[in-house]
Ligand SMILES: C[S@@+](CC[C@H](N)C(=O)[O-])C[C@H]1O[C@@H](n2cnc3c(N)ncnc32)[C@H](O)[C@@H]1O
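The form predicted on its own is given below as one chain in structure tokens.
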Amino acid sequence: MEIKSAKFDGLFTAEKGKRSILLTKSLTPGLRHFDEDLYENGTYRELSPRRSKLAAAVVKGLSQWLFRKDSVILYLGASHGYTVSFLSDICPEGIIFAIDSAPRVVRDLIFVCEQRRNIAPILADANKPETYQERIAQPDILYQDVAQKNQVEIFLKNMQLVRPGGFGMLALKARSVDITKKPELIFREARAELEKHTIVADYRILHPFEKDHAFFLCKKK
């Protein structure tokens, strides 16, 4: 298998059978966190677009890549840490403040963090950024994957913590906003609200990898 650098820093590609796959260079070579496939004696980990909305957005043609090796990231909805662990690979000299409100999943997340020096798990409610604002460094990037009704409101609250000129990425789940509305309408309404407060630099529908999901890339005004 020939592994090549992708167009985005920190990502690699390879051909696996008849399909291309995304890879990161592991910060913990040989160690599996989520039964992901490893390559080159554990040096590279496969990042699946069916398990990560960030990977799905890349496969769907995301036009900009915000992450540098030293990025400071505020990650809302960290869950068990799948995508967080890959961002840890992508930003080995940075730090990820990984927030979730569910004690059970934060416990699992801590197991991942024990193996990685650049993730700080925080048990907190993303609706209340004032409760963790003093516990984090000012982020370069906000990444949000929170399945709540007021996803856009939560995103905009937390964008206030991002440094001037920084960016935000929002994975929006339509069915969590309103199950009675068509996802396309929810996405249009969300974009209109985001454009009142940020610059929407990119927008991708994540089908077929994620049903009824859209991905927004926004720049802080």
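Just count from 1 along the sequence shown to find any residue number. Computed from a predicted model, the values in this text were never measured in an experiment.
A second form of this protein, the form predicted together with the ligand, is not displayed here; the remarks below concern that form.
- The stretch that touches the ligand in the model of the complex, counting heavy atoms within 4.5 Å, is 48-56, out of 184-192, 25-33, 161-169, 48-56.
- Among Ile141, Ile90, Val146, Cys113, the residue placing a heavy atom within 4.5 Å of the ligand in the model of the complex is Val146.
- This chain is drawn without the ligand; in the model of the complex, the residue among Pro129, Gly94, Pro121, Gly77 with a heavy atom within 4.5 Å of it is Gly77.
- For Ala137, no non-hydrogen atom is located within 4.5 Å of the ligand in the model of the complex, even though that partner is not displayed.
- Contact annotation for Ser101: at least one heavy atom lies within 4.5 Å of the ligand in the model of the complex.
- Mapping the unseen interface onto this chain, Ser71 falls outside it, with no heavy atom inside 4.5 Å of the ligand in the model of the complex.
- With a 4.5 Å cutoff on heavy atoms, Asp108 does not count as touching the ligand in the model of the complex; it lies far away.
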